[in-house]
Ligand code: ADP
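We begin with a single chain expressed as structure tokens, specifically the form predicted on its own.
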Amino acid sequence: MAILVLPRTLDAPVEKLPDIGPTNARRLEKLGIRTIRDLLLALPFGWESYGGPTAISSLSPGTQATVVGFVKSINAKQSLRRRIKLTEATIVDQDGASLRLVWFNMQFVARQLHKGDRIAVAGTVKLSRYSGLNMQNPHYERLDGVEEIQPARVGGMMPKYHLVDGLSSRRIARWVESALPLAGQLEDLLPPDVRERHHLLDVGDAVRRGHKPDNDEDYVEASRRMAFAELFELQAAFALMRNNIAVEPATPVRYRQEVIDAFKAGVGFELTTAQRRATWDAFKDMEGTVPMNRLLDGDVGSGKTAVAAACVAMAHGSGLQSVVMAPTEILARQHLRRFRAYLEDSFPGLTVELLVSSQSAPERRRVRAAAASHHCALVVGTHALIEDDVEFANLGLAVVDEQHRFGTRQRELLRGKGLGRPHFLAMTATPIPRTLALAVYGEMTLSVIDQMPPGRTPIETEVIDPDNRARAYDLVRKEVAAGRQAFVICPLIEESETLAARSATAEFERLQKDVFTDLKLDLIHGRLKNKEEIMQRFVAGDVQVLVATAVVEVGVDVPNATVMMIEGADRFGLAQLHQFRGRVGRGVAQGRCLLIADDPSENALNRLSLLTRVRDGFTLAEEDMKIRGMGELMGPRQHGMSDVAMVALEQPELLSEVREEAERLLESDPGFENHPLLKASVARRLELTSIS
């Protein structure tokens, strides 16, 4: 029998740990976990407390509990009404009381458990008038037949880790446990005097207590220490970046009243107070030699593009060129139309060009030549803008839309297209609470457009019971019959053995075969290489119903789409759902957003009902943080911060303390030369995340 030897280094790939292997290593990599160090530093974002095994007769609805019993019956089936694949089982405890179990979209459970098996299950107890007490999608563990054997992996305090398809918190907890002996090797990037001033644990102790706490206090202390260290690293990076940006001067853009007068006369609508405030913020920044480095945060449809266009006009008035980079070709072409409409008629000689990879080689050469010779004032494009052969004669302003979609290196390449350092304006359509924005984008100044232009019709939002899904289908049919289009959003790409959620692939096939047999459907998700082509067909009206994952969350403008039907709505954050519904109702027709929950529990429905009452994205983002936690607002590993750091932002004074500590250290040790571990961590963070 082979003996598994624990790797001796924290930088070893996670697949070197027992029972991980290449497939699970790839899954962990999607969570940003590549090495054993990454695994140890990724603390759970919460805990579920199920307690020890209890008798079925003592269970009460709404509580979390652990039950041990024997499998009386188990079988995989498909529900007749909703055609959902599921596994049903009944267990009986030693007192003869029975409990019904059901696992949705997890038919493999019937292959793992058998009649007569002694098992432990942990989950939320529910009461049905048809089947009595039951648990849906409970954790389970098969036990030896001996009654003295108690569950080791389910029940008690169970950690909750971020997951992707194919992973479970139980599996991650098992891998973490095998790696914990290496926690003592973790280096501490916090200077000793900082730890002492703030009474913080050392990193090894914090990791051990964070993954396997003896009590709630252990986890709180571990989280506080890890949060402080992560925020300290972030603020150290921001302090360094602010210093570096100030060193390389920009060309000042003098404010000209005649430019803004011409711009306002040409856009054809009155700017909102919030737009005027954001525009003035940018103009003041651009007048200085320290390059503007501003984040423009506004809800879907709040008018960020008009603010950016005003900045382009002002840069043009000083003889400077501008560039606007978007993450997708569809969004770039959308910007091309808007910038041309806002600028070209109002400013003779101000030409707007497009540069994307799908253009013909001669067309790309023509646009590059126009940019290099200053025969155009603005180039709008995608990643094609940062290729080596793209040059500008006198670039003074760089704008990045949906800036979190680009990494640090990509944005620096765009900034590097200027002779000096151009002024920089980043835009995001994800409403972010101010505290969170200052932490995640702390090297940038912030402008918030928290006001919508008048005249836009609010989207009608409705929560629909899963049993009434046919009504949602009828609404889709009605809109399509009127010549309009619809989205159907699913949480997953493919069916999962660990998550009971609808997958886009399976739902597309089912809708095409059984529901919308006479309509034109298509499927889009992140793994497809022809996403742009599919979206172009949808924009053109060749597709009536588009089944999609979260890939359509931002940057999609289809004025003819009026219905957004979201399956598994309870699996998305409120802010993300708000982004989805912002994709419809962008034309003259009324938009509708239909929310269908996988888990129609009272808590889930109460949370979703907020969307029916609250239309403001910033308010919803605040509510999302209260309900789901800071980390859930922007998605795991996409915000460059762990959950414990995000939760710490509920204490604004902590962020201020951390920032002071980072600036104090930078002042005494410019470049962090005397703190090599911190210096390396800052460099790694700036390279691997999209925080700046």
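Quick note: we count residues from 1 along the sequence shown, nothing fancier. What you see is a predicted model; the values in this text were computed from it and never measured.
The same protein has a further form, the form predicted in complex with adenosine-5'-diphosphate, not shown here; the description that follows concerns it.
Novice: Does Tyr342 reach adenosine-5'-diphosphate in the predicted bound form if we count a contact as any heavy atom within 4.5 Å?
Specialist: Result yes; Tyr342 sits at the interface with adenosine-5'-diphosphate in the predicted bound form.
Novice: Does Gly288 reach adenosine-5'-diphosphate in the predicted bound form if we count a contact as any heavy atom within 4.5 Å?
Specialist: No, no contact at 4.5 Å.
Novice: I'd like to know whether Arg209 contacts adenosine-5'-diphosphate in the predicted bound form, with contact meaning heavy atoms within 4.5 angstroms.
Specialist: Arg209: no contact with adenosine-5'-diphosphate in the predicted bound form.
Novice: Would you classify Gly303 as touching adenosine-5'-diphosphate in the predicted bound form, given a 4.5 Å non-hydrogen atom cut-off?
Specialist: Judged by the heavy-atom cut-off of 4.5 Å, Gly303 is in contact with adenosine-5'-diphosphate in the predicted bound form.
Novice: Only one of Asp299, Glu479, Glu329, Asp598 comes within 4.5 Å of adenosine-5'-diphosphate in the predicted bound form by heavy atoms, so just point that one out.
Specialist: If I apply the 4.5 Å criterion carefully, the residue I get is Asp299.
Novice: If you check Glu270, Asp216, Asp95, Asp465 against adenosine-5'-diphosphate in the predicted bound form, which one has a heavy atom within 4.5 Å?
Specialist: Here the answer is residue option Glu270.
Novice: In terms of non-hydrogen atoms within 4.5 angstroms, which of the given stretches 228-236, 524-532, 271-279, 614-622 touches adenosine-5'-diphosphate in the predicted bound form?
Specialist: Looking at the partner contacts, the answer comes out as 271-279.
Novice: Along 580-612, which positions have a non-hydrogen atom within 4.5 Å of adenosine-5'-diphosphate in the predicted bound form?
Specialist: Counting only heavy atoms within 4.5 Å of adenosine-5'-diphosphate in the predicted bound form, the single contacting residue of 580-612 is Arg586.
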